[in-house]
Structure formats: C-alpha cells, structure tokens
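Take a look at this one chain, the form predicted on its own, written out in structure tokens.
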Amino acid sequence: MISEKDVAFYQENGYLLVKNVFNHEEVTRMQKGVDGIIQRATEAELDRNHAWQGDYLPKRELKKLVLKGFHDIHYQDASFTAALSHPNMNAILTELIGPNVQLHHSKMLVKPPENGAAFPMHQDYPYFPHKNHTMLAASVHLDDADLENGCLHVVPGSHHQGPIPHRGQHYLDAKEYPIDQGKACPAKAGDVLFFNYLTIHGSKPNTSDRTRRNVLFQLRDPEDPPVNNEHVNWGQGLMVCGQNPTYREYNIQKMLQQA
C-alpha cells in the first residue's frame, strides 16, 4: 500500500497522506455510523459541543462555533472496528509503527457547515504522553476536505522538536504558531492522513456549505509504555496488527490505580 519512499517521507516529515485507503461503500458505512452516533447521542441527551475554548479567539466568536466530537466510537458502530482491521490500514500501520500495532482510542470530529470550529495548532502528546513516541493518528476522511471546510494543516518535521510546552487547554500560542504556518493537507473521502502525535497540526474553521467528517484512530506500538494512563477505557489495548509481546491483564480498575 505504501513504498519505502513513503515510509522515509513519514519519518522525516512526521506525516503521510495515503490516497484511496477506503472505497466508496466503506466510506458510506462510516458516514452513516457517524450520523447515527450523533442522532443517538442527541436522543439520549448526551450530545455536546466540543469546540476548543481558550484565548485564541474572542468569546463572542467562540460561542458561534460548533464541533461534534465523540470518543471511542468503535464501541458505537461496527463500521469503525472494520476500518481498524482493514487490510489497507494494516499494511500501512505495520510499515509506520512495526509488526505489532495497538489501538489507544478512537474518536470522530464533525465540523458542520459555516460555523465548524477551528483547531488551534497543537501536538497530541500532552493528552496521552508515551515514552518512545510511537503514537500516531490515522485521520480517516469521510468527506472531501479542502481549505474552505477546514482541512488539516501540519508543520513538516516538527516532531523532531520533541514535546513543546502547551497552554492551559493543550494548544500552542496562536501568534507564535498560526495555522497558516502549517502545510495544508487537502484530501478526498477515503484518504487517510497519518501523523505522529508530536507533529504540530491544526485546522481552520469550516466556512463552506459542506460538512467535514473525520474519524481519528490513535495507535501505538504495544511496547511503548504511557508516561501516565490517560484516556483509560475498557477497550484500550485492542491489538490491530500482530501480537502483544508482553502478556498483561487489561483490567480497568488496575489501570486506574496505576494512573
């Protein structure tokens, strides 16, 4: 699915866009999965706005912005479990991480038309730091993404800097790290953007009349230990490729005690 040149590009730049990982039918199933989660969350009165807060925009502007975000979506719809075990995904992940690949968590991000919230530039590292930094995100595009509807921007090579101090809610100073500083990564539905959790990234608001739906899988080498246990949940540790070289009990109570 990817070449040695692609792997070298990822290692040097901290990201890699792979085209046509999922076909139209697979994308459609995941689109329906995302829409169904939002509908069921609304019916259960558990729908929330996950737009970034902080001082990067005036409060009156923040109130207008919306971002639908739900974690651990593989608990909610089997289309996402199927995506994790997809042969194309496995072929790519084993090249970027190694023969053994483990899920840390999944989530969905939906930017509605015209007022879809921006993501200030940030690293994912502060949310779930790991010792060896094998963690990467696989951002699955369920809609075409471009500059108008808030495609991702990355700063090539920024992962080589290591962890960078972040502001209160885990974002970088917008003046020092403007989104325009990053390289825009427009993509088509079915494409997947892979990036290391140390790679600086963010996205602008969705100002178009089109929805932007993404599904994000955070994955790691199972031998890369967390610095502390974050995002601990019942399904954390699912093996996506290969095997876990070290047997351990995935007991939520024990994991929380160790946090």
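Position 1 is the first residue in the sequence shown; the rest follow in order. In this text the structure is predicted, and so the values were computed from the model without any measurement.
From this point on, the text means the form predicted in complex with a small molecule, which you will not see here.
**Study point:** Contact segment among 122-130, 157-165, 82-90, 179-187, judged by heavy atoms lying within 4.5 Å of the small molecule in the model of the complex
**Key:** Comparing against the small molecule in the model of the complex, the contact stretch is 122-130.
Check your understanding: Just to confirm, I97 within 4.5 Å of the small molecule in the model of the complex by heavy atoms?
Key -> Residue-level check for I97: no, no contact with the small molecule.
Review point. For L152, is any heavy atom within 4.5 Å of the small molecule in the model of the complex, or not?
Key: Output for L152 is yes: heavy atoms within 4.5 Å of the small molecule.
**Study point:** is_contact(L172, the small molecule) in the model of the complex, heavy atom dist at most 4.5 Å
**Key:** L172: no, not in contact with the small molecule in the model of the complex.
Exercise for review: Determine whether any heavy atom of A138 comes within 4.5 Å of a heavy atom of the small molecule in the model of the complex, and answer yes or no.
Suggested key: A138 lies outside the contact set for the small molecule.
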